[in-house]
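Given next, in structure tokens, is a single chain: the form predicted on its own.
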């Protein structure tokens, strides 16, 4: 079993700060890449998150007729809370906020909660484009969720445990990504999807005038955008114990290796997001059911056979 220590509740504040700094970092990187693609200075683009934050903090909240204010507030607040719930079960070296025996299932459950949050963000304003964005997200959700679920299952089967610390401890010499590359790719695709970013962001795409983001303004919009970046970081952080060997590595302490691996993977996901075109929901449905799901199941079968042979 992986020996990790569950820390006291006040450490949640440190986790929130680290998550916020990482979310700001990936947003700055995204802004730099966008500015460079448009022929502007990358340094100016990197400052965009701070400029946008200042603008949104001054902006008045937009209201729509007959909006469901309660559901909208639940969605906005949920986008901030969900990433923190995800990283709660990720060991930072030898420390973890919640040493749950079913940590892998917990992460998957919070990922499904994102479905609800995106849908509420679309339903709450009582506006056409927002509702269309919510429906588009639900249309593609199952196409990534089932492959993602089986991609999460593969490392757990290899470790013989659903506890995240045990999964990290089961790869002392050979990270799971080396012999589970398909599961890793499927997992990263799921992270891009549930963070509503890049080629898998039809819920907030320009083709439908911003979708679920269309009627959000001011602090509400700021929190949802921060939550999306936080979900990307949380997904990258969870991949570290599942596929990248956790805190194992030379010279550096385990907690620092977790942060370094998280930062590198999150940056890679941002770069990939910028290089791939948007995928329409109906095309992603076909891709999810005919390619991703069979590939994830085949990867799980291979892992299961290896585990049986070893035992």
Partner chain sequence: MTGAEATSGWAGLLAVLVLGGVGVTGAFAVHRLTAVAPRGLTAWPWLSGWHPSEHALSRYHARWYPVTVVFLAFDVEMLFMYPWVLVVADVGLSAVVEMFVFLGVLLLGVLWAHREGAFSWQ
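Residue numbers count along the first chain shown, from 1. Given the structure is predicted, the values throughout are model-derived calculations rather than measurements.
Quick note: we don't show the form predicted in complex with its partner chain, though the next part is all about it.
- Of the candidate stretches 146 to 154, 185 to 193, 171 to 179, 226 to 234, only 146 to 154 has residues with heavy atoms within 4.5 Å of its partner chain in the predicted complex.
- Contact check for 104, 160 and 301: all three have a heavy atom within 4.5 Å of its partner chain in the predicted complex.
- Interface residue remark: residue 24 is not counted as part of the site for its partner chain in the predicted complex, having no heavy atom within 4.5 Å.
- Residue contact check for residue 254: none of its heavy atoms lie within 4.5 Å of its partner chain in the predicted complex.
- Looking at residue 28, you'd find every heavy atom of it more than 4.5 angstroms from its partner chain in the predicted complex.
- Residue 263 falls outside the set of residues with a heavy atom inside 4.5 Å of its partner chain in the predicted complex.
- Residues are counted as partner-facing when one of their heavy atoms sits within 4.5 Å of its partner chain in the predicted complex; in 32 to 64 these are 56, 57, 58, 59, 60, 61, 62, 63, 64, in sequence order.
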